[in-house]
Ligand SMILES: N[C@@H](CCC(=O)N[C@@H](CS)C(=O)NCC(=O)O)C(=O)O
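The chain below stands alone and is given in structure tokens; this is the form predicted on its own.
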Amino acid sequence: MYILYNHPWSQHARRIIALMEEAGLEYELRHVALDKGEHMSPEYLAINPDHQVPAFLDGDVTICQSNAVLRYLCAKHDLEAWYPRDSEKLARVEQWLDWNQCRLAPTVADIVVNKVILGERGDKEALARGEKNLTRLAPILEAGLEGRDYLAGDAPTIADLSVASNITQLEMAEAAPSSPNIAAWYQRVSAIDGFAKSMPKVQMA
């Protein structure tokens, strides 16, 4: 059984949960109380020295980057539908995974951390930077979905689970893009059973 150290508000953990649910894989969730500093405890640092969630354990294998976990599970369980072998579709999947990690994720962090998590204590300059960057990034995603139901074609892949988990974070901050292609795509991804099951079951305070 896989072990996933997580927090319900971690989009990085939720994208892994979504895939495991869709693939019917057995897993155990272990909550990391970020508000109590458990991610900085010696016990957790021994698992993930980078003190982030999630951390994924498969026996002696430990992986602490969510997109790497998605790829690992697809490779191990031959989940070709979620991680296609066709070179063109695979290139699209990899492109969007990298774009999400390198471009969208920092912007989402600027917005969500400083608007939702920290609130009045948030860094106003970082929030403004995130909002400005989002106005540049959202049209890229909108254009990438033109003529496609999903990021790599007519079926969802791990790229959709990964990117959509960040859109969920933006929804929490009331900052999610509402352009037509993105809105329709996000609705389709939200209807995926595993994605729905990965969503937090409690409201953020």
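Fair warning: this is a prediction, and the values are worked out from it, not measured in the lab. Heads up: residue numbers just count along the shown sequence, starting at 1.
One more form of this protein should be noted, the form predicted together with this ligand, which is absent from this view; the next part is about it.
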item: This ligand: the contacting residue among Leu29, Met172, Leu34, Leu57 in the predicted bound form [heavy atom, 4.5 Å]; value: Leu34
item: Stretch in contact, per heavy atom within 4.5 angstroms of this ligand in the predicted bound form, of 178-186, 21-29, 8-16, 192-200; value: 8-16
item: Non-hydrogen atom contact Val53 with this ligand in the predicted bound form at 4.5 angstroms; value: yes
item: Contact label in the predicted bound form: Asn133 to this ligand, heavy atom within 4.5 Å; value: no
item: Touches this ligand in the predicted bound form: Cys64 (any heavy atom, 4.5 Å); value: yes
item: Any residue of 86-101 that, in the predicted bound form, places a heavy atom within 4.5 Å of this ligand; value: Gln101
